[in-house]
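The chain below stands alone and is given in structure tokens; this is the form predicted on its own.
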């Protein structure tokens, strides 16, 4: 009889865990709290060789995965080019990767509208609690339920996301809506603007439905902005006066908060990026946090992906790290006689990797605020320009091989 795993969380990390466990001979049930199919609102993802390999390991294809970019280009406040570097990568969207992995899950194994709020480890099995009530039982529970994980909250209640002091504004602009100058000089590249105190990253991704035709693609706008914790509390309060903890759903962001963000961009950013934002679908913000669990398991319960650790998005490894966690989890459980011992080995391998990714991302984030002698208000004299260009959204070498 195949052993049975329950995966709490049906996002990309949970799908990687489910698919790779299935390929290791496990029967898997995925429980997702949302009652509708998930969507990442087109959020961009930078792919890496290791991520592409693990997507294929699930049985999915990487054909037409995204848009190939060849060059990184740094702009100054006027929109002039400061630096260029060849760094070929494929950039894709959250929705594309999720849909590829979702299609690989065995029919009937993915259940929407099931909210895992806790678990009971019985020693020889583990059962989940659904909205506080007793739920199904399995041989293994994988907590892949994101950085606000209910599974981690029970296993390691002391581990809490720590606010970084800044947020990221995200938006998407349709290629066809942009001026000819922006389409030719900015759109094709992985673009950056690097003054002291803020940072822009942008790149092309597919259009709706993974449309890769020129003229039908979109530009992914990512803008890091410092926000004091007191001001963040106001930004996380919706129009009904409800204060959201940690993060706020994009549709609930108040119009006046969006207007203030756009006005700030118009004062601070190069004209091409102001145009991108002005032509975008409704922008939204996400506070930047990080956290790291000291261990990724207890008994028959494992943590994976953002539930286990979160590295700030500068390192571009959220999806890749979740895929690598899932690969290691499935590998250690493949044929293992004892689940707890296999999970201990998994944790020993992946927790240091999560720690390294978090530290590299923190270091890159700190560089946003480091000023050289003489200032860097126009983005031309960033003392860490070479490091930021070469290490942003690049897997640190020790983590590049599984």
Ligand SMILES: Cc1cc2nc3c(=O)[nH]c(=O)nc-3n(C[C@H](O)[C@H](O)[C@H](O)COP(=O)(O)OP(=O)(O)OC[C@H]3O[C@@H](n4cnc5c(N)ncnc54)[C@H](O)[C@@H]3O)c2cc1C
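Residue numbers count along the first chain shown, from 1. Note that the structure is predicted; figures quoted are calculated from it, not measured.
As for the form predicted together with the named molecule, it is not shown, yet the points below apply to it.
Put simply, of 328, 248, 172, 150 only one has a heavy atom within 4.5 Å of the named molecule in the model of the complex, and it is 150. The partner is absent here, but in the model of the complex a heavy atom of 318, alone among 204, 318, 191, 272, sits within 4.5 Å of the named molecule. Although the partner is absent here, residue 33 lies within 4.5 Å of the named molecule in the model of the complex, judged by heavy atoms. Residue 354 falls outside the set of residues with a heavy atom inside 4.5 Å of the named molecule in the model of the complex. Although the partner is absent here, residue 12 is a contact residue: one of its heavy atoms lies within 4.5 angstroms of the named molecule in the model of the complex. Residue contact with the named molecule in the model of the complex: residue 195 places no heavy atom within 4.5 Å of it. Stretch 113-121 is the contacting one of 232-240, 291-299, 77-85, 113-121, since its residues have non-hydrogen atoms within 4.5 Å of the named molecule in the model of the complex.
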